[in-house]
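A single chain, nothing else alongside it, follows as structure tokens in the form predicted on its own.
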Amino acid sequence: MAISRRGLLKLGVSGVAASYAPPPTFTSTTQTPIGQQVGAGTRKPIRLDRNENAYGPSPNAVAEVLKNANSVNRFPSSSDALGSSIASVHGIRPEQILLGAGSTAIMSMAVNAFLRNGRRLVLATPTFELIGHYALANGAQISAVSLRHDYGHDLEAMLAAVNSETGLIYICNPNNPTGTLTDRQSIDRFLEKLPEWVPVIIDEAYHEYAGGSGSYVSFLDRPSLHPGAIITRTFSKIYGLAGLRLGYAFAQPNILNALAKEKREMEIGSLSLAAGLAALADTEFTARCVQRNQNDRQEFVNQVNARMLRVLDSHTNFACLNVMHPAKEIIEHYQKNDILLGPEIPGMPNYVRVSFGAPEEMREFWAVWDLLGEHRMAM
């Protein structure tokens, strides 16, 4: 179905909104020592809203930025070195890699390349919303398909939505904002049935956090035979370079050529290229961040269980928490206490997305939660 920008934001998961009955509202408070600790407007907020790496970038990447800072009066040089390094890591050819100013830049290129003349984007809801905004701004139509009840992509319904007007498909795996997985075998079966002329983005922004699940296999580790598959990765998550805007795509040469025609000249700065090379090479730091995230994720689940709450099974650096209240009230309560959470989730009115911060930040998160006092518990 064709929907507007407002419709995209309101469209939700089938069955979730229909069964939701808002519990009584409550009044938040900060009249405790914890409220004083979190500052109540006296300091910069704790950001648990953007799924960033709480432990920052590799020190080697920072050193490269400082080393090259005095040359920012010069335009960036070739990005070939970074492209070759990425290709080497994945065991593929450099000509199969296209760099962009974040993976969102790759998505914008794909929208411009494949969604001309009112063609249609097929995607899940809820999912990462930015590509939908790009599509609507480009005059495209959108077919939004609700996630399954287990919060995986409903690939059969997405396939049924494909028709002659379809120009692009988007699959975020693990999915943002739910943090959930769609198993690789299901995606493979979907791609086998998908017409070869339909490009499909498989967004692996959270790839490094998804290890340990037998149902997840990256499309860079085991490429698809579908000629239109576009795999996107970012340096904004595990590598901690969100502020430098760097990402890349892996696809067949004809697809990359179509994307490259929509790429802005010199869109990646020299500091981003230098930091990206250093971050990619610092595998020890990356491994530590993965392990820290596993620990943080488990501790979050422990705290959830201690409070008899519910959380979706996360394979990312954030969690989708059922707060048993209208999410808007919880988000506002945290904002009053200088902690920012993810925005309201379409179709999931009593869930909030919580990025994992450093341990001290998460202790404050739970302290602020406990200010709510009695709350409805999951049974």
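When you see a residue number, it is the position in the sequence shown, counting from 1. If you're wondering where the values come from, they're calculated on a predicted model, not measured in any experiment.
Separately, the form predicted in complex with a small molecule exists; it is not shown, and the next lines address it.
Proximity to the small molecule in the model of the complex holds for none of H153, F219 and S224, with the criterion being a heavy atom within 4.5 Å.
Interface residue among A275, V122, M107, I230, judged by heavy atoms within 4.5 Å of the small molecule in the model of the complex: M107. The contact residue chosen from F114, F300, F190, Y206 relative to the small molecule in the model of the complex is Y206, the criterion being a non-hydrogen atom within 4.5 angstroms.
Although the partner is absent here, R50 lies within 4.5 Å of the small molecule in the model of the complex, judged by heavy atoms. Contact annotation for R245: at least one heavy atom lies within 4.5 Å of the small molecule in the model of the complex.
Proximity of S103 to the small molecule in the model of the complex falls within the 4.5 Å heavy atom cutoff. Within 4.5 Å of some heavy atom of the small molecule in the model of the complex lies at least one heavy atom of C172. Residues with any non-hydrogen atom within 4.5 angstroms of the small molecule in the model of the complex fall in just one of 230-238, 263-271, 155-163, 278-286: 230-238.
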